[in-house]
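Before any questions on binding or motion, here is one chain by itself as structure tokens, the form predicted alone.
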Amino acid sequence: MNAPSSTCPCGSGLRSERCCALQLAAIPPAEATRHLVPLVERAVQAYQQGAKDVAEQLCLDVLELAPDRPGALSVLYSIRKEQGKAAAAEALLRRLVHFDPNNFDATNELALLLMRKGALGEAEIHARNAIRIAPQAAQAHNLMGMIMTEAQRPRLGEYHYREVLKIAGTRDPIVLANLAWCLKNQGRMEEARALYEESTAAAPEIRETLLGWARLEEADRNFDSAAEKLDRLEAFSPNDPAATLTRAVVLGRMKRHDEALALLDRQAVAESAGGGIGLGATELSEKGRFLDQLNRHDEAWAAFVEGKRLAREIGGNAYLDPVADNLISRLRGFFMSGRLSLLPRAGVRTDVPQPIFVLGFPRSGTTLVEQTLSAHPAISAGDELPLINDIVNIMPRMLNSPLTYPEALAELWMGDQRDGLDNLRDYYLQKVAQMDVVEPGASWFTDKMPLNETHLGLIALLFPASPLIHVIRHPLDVMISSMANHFTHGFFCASALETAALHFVRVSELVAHYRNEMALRYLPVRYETMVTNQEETVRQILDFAGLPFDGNTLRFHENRRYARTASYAQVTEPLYDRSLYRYKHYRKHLGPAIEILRPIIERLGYTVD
């Protein structure tokens, strides 16, 4: 006898066979279940009239016989969402979108749900579908703007917010504030400030607007103005955790670390007294950084560790070990000298500015190097351009290959794909032009997407004449910074100390492999040398790029450009050495990472003690 079927673990109330274990072949044809249409109509009516128990049972009955009925899926989704059964609601909504792909409301709702979970890549897919379904729907463009902003693609966010304003025909204050944030993230501070002024004039008590404006002023070094916006916010929203965090950041920027720390501690007490968990992951990381500045290193480490734990618990993001291992193994297997000798290289364009790739693990000093280079009149700052990753994803389609990257590069041996790399190169350069990152008169622009060195072989095929500036820092210092900050680069490797160390080793060994197997225009630059011997290092980089020395590059902190990374505050200060070998303060906490990193530490010429 067969074991009895059980209710699906997601909580939908359906049997597994009719829910998350559904086999498409088991779905009966629509004509066989036409008699269920009246039941679906009754379920919709019951739900609208508030008889949700009746509606729920009708939906379960219908979906047991016809699990693809959109009306029943929609009503049951709404019920489970109201009940707070998140897993069940998501499963039902996904199924609804699958079986009713032109359902705009469901598609848009799924994109919003995924964005709130932090699954931005998947959210973008559904948000794009929502716009395809309803290109004149302001809410679809608004959601796309939100997703692009969260994904650190503010220029695309700006486009979609402007579409919202155009479609709606009104100057909605919330949309204006969202657009202002996109402009702020592009460094267009004055334009953003004007929009915040317009937004608050129309709606002076919108929390998110004043919070965003305060953060703009903090980023633009107008600390008194930031404090004034926070005062306005707290007048109608006292003890706001986000406002408290922002005020603490402002105090930290002013070197008032004791006050900042006391502010966060008071917030933690208030949160706990109210039944909350205390400080969140972001607040704990900030607290740890304040403690570090005050030389209270053991307490700082405890805050970093707890922040990482909370981030894993709430966000659910852990290192994608098998995925990372698989990709890096395949890259090592494909990029071999014998195979590379048979592959073409893209030609060098001389009619448009070219990229300088600033490579390095997150928090290794790449922002310092980019801020330095962008002070040169011939170099514009591109920041973290997602374009190499985009090319990785679109390559099979552009090369008409049944294979994925990197194996899809084998198509270059075909007669009709010999120009494939030129096409991919032009895609990159066209996107850069659309992003408008190159300032007038510049012949170069930087691309400092963290961990682009994972694709060093591809970059060298696409841009054989571009300088590859690889910033190297003591691996244990990088680990401290990885623990003190939250980032998703590197398959969520920074979710824990050990996985950050493991990914550092994997990428370091992959870079060594590339350097051994192919010719690269590669310059390693040590962060420590950049700090202790600034001018010589800057001259070396500029000479390597074929550019004359410019004294402005030594005064990078005077560059008013907003660096759109976690290091934006540090690069507004003159060069300092307090971050050199800071791992020594945390030596006793780094045991697991030291064992993983020791071979790389020695290979790079560093020591542990």
Partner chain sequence: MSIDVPLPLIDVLTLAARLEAEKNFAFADRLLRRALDVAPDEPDALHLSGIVDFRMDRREEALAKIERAIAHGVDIRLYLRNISEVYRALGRFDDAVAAARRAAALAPDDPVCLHNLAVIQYHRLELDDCIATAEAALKIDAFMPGPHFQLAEALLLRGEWARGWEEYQWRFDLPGNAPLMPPTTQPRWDGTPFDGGVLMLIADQGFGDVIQFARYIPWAATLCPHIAVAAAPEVVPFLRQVYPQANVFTEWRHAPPFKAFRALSGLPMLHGTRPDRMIGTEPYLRADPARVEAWKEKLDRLTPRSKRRIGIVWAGRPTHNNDRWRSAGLAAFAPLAAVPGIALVALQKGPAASQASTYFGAAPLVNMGAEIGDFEDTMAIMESLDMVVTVDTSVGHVAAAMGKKTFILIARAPDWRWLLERSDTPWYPSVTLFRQTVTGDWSVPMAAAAKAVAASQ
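Positions refer to the first chain, counted from 1. Computed from a predicted model, the values in this text were never measured in an experiment.
Omitted from view is the form predicted together with the partner chain, to which the following refers.
The three residues 464, 512 and 524 all sit with a heavy atom within 4.5 Å of the partner chain in the predicted bound form. Taking 297, 85, 94, 345 one by one, only a single residue has any non-hydrogen atom within 4.5 Å of the partner chain in the predicted bound form, and it is 345. Only one of 41, 61, 53, 543 lies close to the partner chain in the predicted bound form, with a heavy atom inside 4.5 Å, and it is 543. In the predicted bound form, residue 519 approaches the partner chain with a heavy atom inside 4.5 Å. The closest heavy atom approach of residue 430 to the partner chain in the predicted bound form falls outside 4.5 Å. Contact between residue 337 and the partner chain in the predicted bound form is found at the 4.5 Å heavy atom cutoff.
Interface residue remark: residue 114 is not counted as part of the site for the partner chain in the predicted bound form, having no heavy atom within 4.5 Å.
Residues with any non-hydrogen atom within 4.5 angstroms of the partner chain in the predicted bound form fall in just one of 393-401, 412-420, 179-187, 337-345: 337-345.
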